[in-house]
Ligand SMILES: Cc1cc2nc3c(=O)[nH]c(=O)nc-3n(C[C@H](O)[C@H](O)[C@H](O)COP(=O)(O)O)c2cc1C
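To begin, one chain is listed below as structure tokens, in the form predicted on its own.
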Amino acid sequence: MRNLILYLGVFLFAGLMNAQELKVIKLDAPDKTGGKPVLKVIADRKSDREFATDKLKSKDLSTLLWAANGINRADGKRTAPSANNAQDVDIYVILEEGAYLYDPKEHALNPIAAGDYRAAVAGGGQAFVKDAPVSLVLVSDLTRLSKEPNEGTKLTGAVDVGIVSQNINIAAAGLGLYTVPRGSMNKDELKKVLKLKDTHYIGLNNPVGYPKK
């Protein structure tokens, strides 16, 4: 028993130290003028499920997140519309080293949990997700839409999530990235890892990477 307690203590301490290693990632300024013409991007948009394992360049990740749901006006409004401008959709960025929350105001990634949780995004199947260097998990905070969320609120949140996902798909095509919108994932595990409440609706995820050579 004593050895078991000692082991658990060491395990918990190691987990705490691992979590403390993650730091806020201040993103580069997004590229708001580059890329292809919008109609060319729409023509090129497609779902891809094979990714190179190379990490995303910091500029590409920055531009992708800004395009997904960043701030594009001085009054704080976003690139993605939302019901009553509730700005209910949060983007959780799942990297090999840990899970982060995108902060549009600071244009930064705030650490949530250390560790590789790409398998949780993959869920029970579709192992290709674990090859993508980044997965973006889209979550609607239903309390921003209503003080007493219900099924109608969840539907509104789902629509808002879909809009952000479409921004990701279009931006990825413009940046030469591969992605695919997905609804399957291990939501129970992600809820624990991302420290979500029952009023958070986990809607979609987009694994993202460069084309496989």
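The structure displayed is predicted, hence computed values, not measured ones. In this text, residue numbers run from 1 along the sequence as written.
One more form of this protein should be noted, the form predicted in complex with this ligand, which is absent from this view; the next part is about it.
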*Mind telling me which stretch in 85-93, 69-77, 111-119, 125-133 gets its heavy atoms within 4.5 Å of this ligand in the predicted complex?*
125-133
*Should residue 144 be classed as touching this ligand in the predicted complex when contacts are defined as heavy atoms within 4.5 Å?*
no
*Report yes if any heavy atom of residue 187 sits within 4.5 Å of a heavy atom of this ligand in the predicted complex; otherwise report no.*
no
_Using a 4.5 angstroms cut-off on non-hydrogen atoms, would residue 170 count as touching this ligand in the predicted complex?_
no
*Decide whether residue 26 counts as a contact residue for this ligand in the predicted complex under a heavy atom distance cut-off of 4.5 Å.*
no
*asked:* Quick check on this chain: which one of 32, 49, 154, 57 has a heavy atom within 4.5 Å of this ligand in the predicted complex?
replied: 49
*Which residues in 167-194 have a heavy atom within 4.5 Å of this ligand in the predicted complex?*
180, 181, 182, 183, 184
